[in-house]
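Next up: a single chain in structure tokens, the form predicted alone.
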Amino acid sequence: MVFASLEFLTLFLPAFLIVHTLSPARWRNAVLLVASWIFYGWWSPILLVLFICLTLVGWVGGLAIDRSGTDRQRMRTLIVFIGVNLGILCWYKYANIVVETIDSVRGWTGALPLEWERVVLPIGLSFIVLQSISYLIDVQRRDVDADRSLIQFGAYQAMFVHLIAGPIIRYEWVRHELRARKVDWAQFASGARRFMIGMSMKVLVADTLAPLVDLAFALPAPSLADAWLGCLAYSLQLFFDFAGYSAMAIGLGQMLGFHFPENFNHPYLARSIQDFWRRWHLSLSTWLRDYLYIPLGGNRLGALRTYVNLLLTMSIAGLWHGGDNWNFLLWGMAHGLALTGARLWADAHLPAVPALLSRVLTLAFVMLAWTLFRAHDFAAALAMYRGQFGMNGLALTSALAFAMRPAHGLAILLGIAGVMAPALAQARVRVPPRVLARVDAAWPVAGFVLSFGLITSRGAVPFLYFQF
């Protein structure tokens, strides 16, 4: 079940909100836990068992660390439970690609492929594991107390509002609201508005561009126009899909009395690659900083170690994203090299790049790197790169020209306007405040109604980050 589906909008969400609202405060975590398990089990009842086991591992792990005597014992217990989490993640995420890689090597010697039944990746597994690890580390560091209530911890771990694609919520951020939370009409209405905005981002822009992106990345020899149109469409699709999900998650959380941090801050307007990672997928970038980069030594152990830590952290971030091919690792390494290069530039005291040029170069690098991220394999990425550098001709090919519809152009224009929203916001000061207030109040509702109509006609489209 996805947020942008009829069963969620017309059945699950209304029923849950009624039951949650009418339940006594002391029962609301139990209601949230059961509803979240139904939400997850809707996709796969069998993998729900795995999900419940992960919840138990996190809860028991926290208690075990808390009851360990010395700091050394706490660390040993932490390593054991992190190992369990990572073992499960690696099996489901990387078993297929390891076998495929072994088969490729065996193929050079003429050996037959190994008999293998592909492992199905549970949706949201990467997010669940990172959330569990952050909780265990926080308990080990004594930043939070171990939660002794299985229902309360389960509600935190299973919360359907952000379960599938984040934001990655740390226990510390919501522990007080898990124990007692208040919801008033103003907060509920604000959350509903945010949910409708996220739905509009997802359906009107991301889902509309999806067929165009699929076609562009499937072309065997895209031209320069094909490749850059496909890259632009994918850059917009990914942002509006993921940021739309985050907006819906934040809005749903607000409707229930939770306050989640923002996950995006206009990333395509970043002034540098460092600035990009301070704006894109904030819950992941801060997780990597606090639980990986800084423990590795951060920038405290000299320049060379800083460069190594940057490259290692981003490579692991790439591995975390994908298990279907090695493109995600290459994407992470590319960002690690870019961050290292920017650091070297600053350390060498080279002159600063003009602001506008720096923004353009940053966006160009990010879009080129998205090509690796989106392509099915390395060969497909190379085909797109040949097109992006004009090696297959310049003009739009007939395959993409015939597939283009006015809706695609409108979605691209809407997406670009959304990306440029801060600049447009400065320009709109000339609009009378009364008109501006009415537009701000009306457009999320209009966007939601239109999105609902599109969902009924073309069905639900899964979120891109479900695969992670």
Partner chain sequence: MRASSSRRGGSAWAGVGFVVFLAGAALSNAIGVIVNDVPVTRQPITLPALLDGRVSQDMARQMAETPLPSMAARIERAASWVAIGDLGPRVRQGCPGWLFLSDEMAVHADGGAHAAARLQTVARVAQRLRAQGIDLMVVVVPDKSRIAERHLCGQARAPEFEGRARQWVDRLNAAGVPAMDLTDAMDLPHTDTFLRTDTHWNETGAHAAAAALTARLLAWHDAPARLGPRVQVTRTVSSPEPRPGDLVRLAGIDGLPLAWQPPQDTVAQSTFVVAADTATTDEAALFGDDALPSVALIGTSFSRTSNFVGFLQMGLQARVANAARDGGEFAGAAAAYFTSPAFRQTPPKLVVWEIPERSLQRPLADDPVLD
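Model, not experiment: these values are computed from the prediction. Residue numbers count along the first chain shown, from 1.
Below, we refer to the form predicted in complex with its partner chain, which is not included among the displayed structures.
Shown without its partner, this chain lists A407, L50, V57, V34 as candidates; in the predicted bound form, only A407 has a non-hydrogen atom within 4.5 angstroms of its partner chain. S398 is the sole member of Q73, S398, S149, T101 with a non-hydrogen atom within 4.5 Å of its partner chain in the predicted bound form. Across the options 39 to 47, 59 to 67, 413 to 421, 22 to 30, residues that bring heavy atoms within 4.5 Å of its partner chain in the predicted bound form belong to 39 to 47.
When its partner chain is considered in the predicted bound form, A437 lines it closely, a heavy atom lying within 4.5 Å.
Taking the partner from elsewhere, S190 is found to have a heavy atom lying within 4.5 Å of its partner chain in the predicted bound form. Contact annotation: G297 falls outside 4.5 Å of its partner chain in the predicted bound form, judged by heavy atom distances.
A residue is said to contact a partner when one of its heavy atoms sits within 4.5 Å of a partner heavy atom; F260 fails this definition for its partner chain in the predicted bound form, lying far away.
Along 59 to 91, not one residue places a heavy atom within 4.5 Å of its partner chain in the predicted bound form.
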